[in-house]
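Two forms of the same protein chain are encoded below as structure tokens; each is given separately, as structure 1 and structure 2.
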Structure 1
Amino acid sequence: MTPDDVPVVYRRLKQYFETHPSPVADFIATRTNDPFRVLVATILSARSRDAMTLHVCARLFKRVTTFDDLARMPVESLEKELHPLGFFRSKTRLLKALPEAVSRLFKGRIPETIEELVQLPGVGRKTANLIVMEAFDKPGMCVDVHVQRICNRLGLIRTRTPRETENRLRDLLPMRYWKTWNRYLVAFGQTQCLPRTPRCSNCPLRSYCVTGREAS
């Protein structure tokens, strides 16, 4: 794949996303566009499957919808809610630290820039990019394991770290693709371009993919 192939590859990824159910599609729906939900759900999703994170968030958001709710919730109750997730104790600590951090650093509002967001507990660049895109409808380039893996498999980039990938994709992709690039590739990576056994034989991107051509 070359940068000139981006428009047709993007269209195929979009079509795939719209016709193949995936955990990330349901997960996006539960976050809505509420900055609080996007922030909390994205922190909880780290090192956890989207389907399980969706289940936990659906229950949690029935009890917790604001930072005040989160501050009032006892640690033991929050741990119980998050128990199905990996690293639930560390995620409990991060969520309990959020209300104070947001109040102290940003006077109770969730900031709208990546540089500010990464100052919050549990927020790295991936989370920050996702928040600015989904909660504030601003350009961002969210790089997770699926984006990192698939973009390198396609041969679009040759990078080793998420930050390097973010920078390269910001240079290569038209800004109109940024907001949905992550969700399309996550869905594709969850159901088609799997980490260990990619389904190359029936892949709609096979003719554009270095790995797919080598597998033939």
Structure 2
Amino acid sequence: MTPDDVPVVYRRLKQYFETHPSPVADFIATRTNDPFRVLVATILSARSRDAMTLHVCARLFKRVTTFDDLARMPVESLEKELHPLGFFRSKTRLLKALPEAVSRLFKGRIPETIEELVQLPGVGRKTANLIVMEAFDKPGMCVDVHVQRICNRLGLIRTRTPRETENRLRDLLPMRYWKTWNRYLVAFGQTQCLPRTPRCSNCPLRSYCVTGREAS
């Protein structure tokens, strides 16, 4: 496909999510607007299923909505809350490191730029991009494994680094579409264009796929 096809791809993804309610899309939507929750949810989502992350976050946010709450919460309680996610000890350690770091580096406020956000422990470019978009409504492009995979399957862009992928993806559409474009790509990769068993039979982008898969 060529960059000229991107508006069509965008429209098809938009239609797809209008008719296919996606837990992932809902999940992303629930993170909107509160930087603390976006940050915590994004860190917890690594290597965990989104349905479970959503469940754990819903429970956690009843008790913890600020860095002070987080700092005060006993490690054992936090580990217990995070237990269903797996990797609960490392995730607890990551969350527990945040209050001090945010306080020391940014006077307790979550910063609004990528460059500042990645200074926080446990926050890399993927997480930082997601935070600026979902919490601060600023332009970004979060490239995770799903986005990367879809780009490859569509033959959309072939880049060497995630950083380069971010820029190329943004170049394809006007800025006002970046947020939804990014959400569609992430959600599509988690519900439809799966890594091992993609649901190709009802795929709205089949005509653009270069992998030749038609199974399942």
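Computed from a predicted model, the values in this text were never measured in an experiment. Residue 1 is the first residue of structure 1, and the numbers go on in sequence order from there. Note that the rigid core is defined as the largest set of C-alphas that superpose within 1.5 Å between two forms.
J.: Which of the two shown corresponds to the form predicted alone?
T.: The chain shown as structure 1 is the form predicted alone.
J.: Cα of Arg149 displaced 2 Å or more between structures 1 and 2, core superposed?
T.: After core superposition, the C-alpha of Arg149 moves less than 2 Å between structures 1 and 2.
J.: Look at the Cα of Pro162 between structures 1 and 2 with the rigid core superposed and state its shift in Å.
T.: Between its two positions, the C-alpha of Pro162 lies 2.9 Å apart after core fitting.
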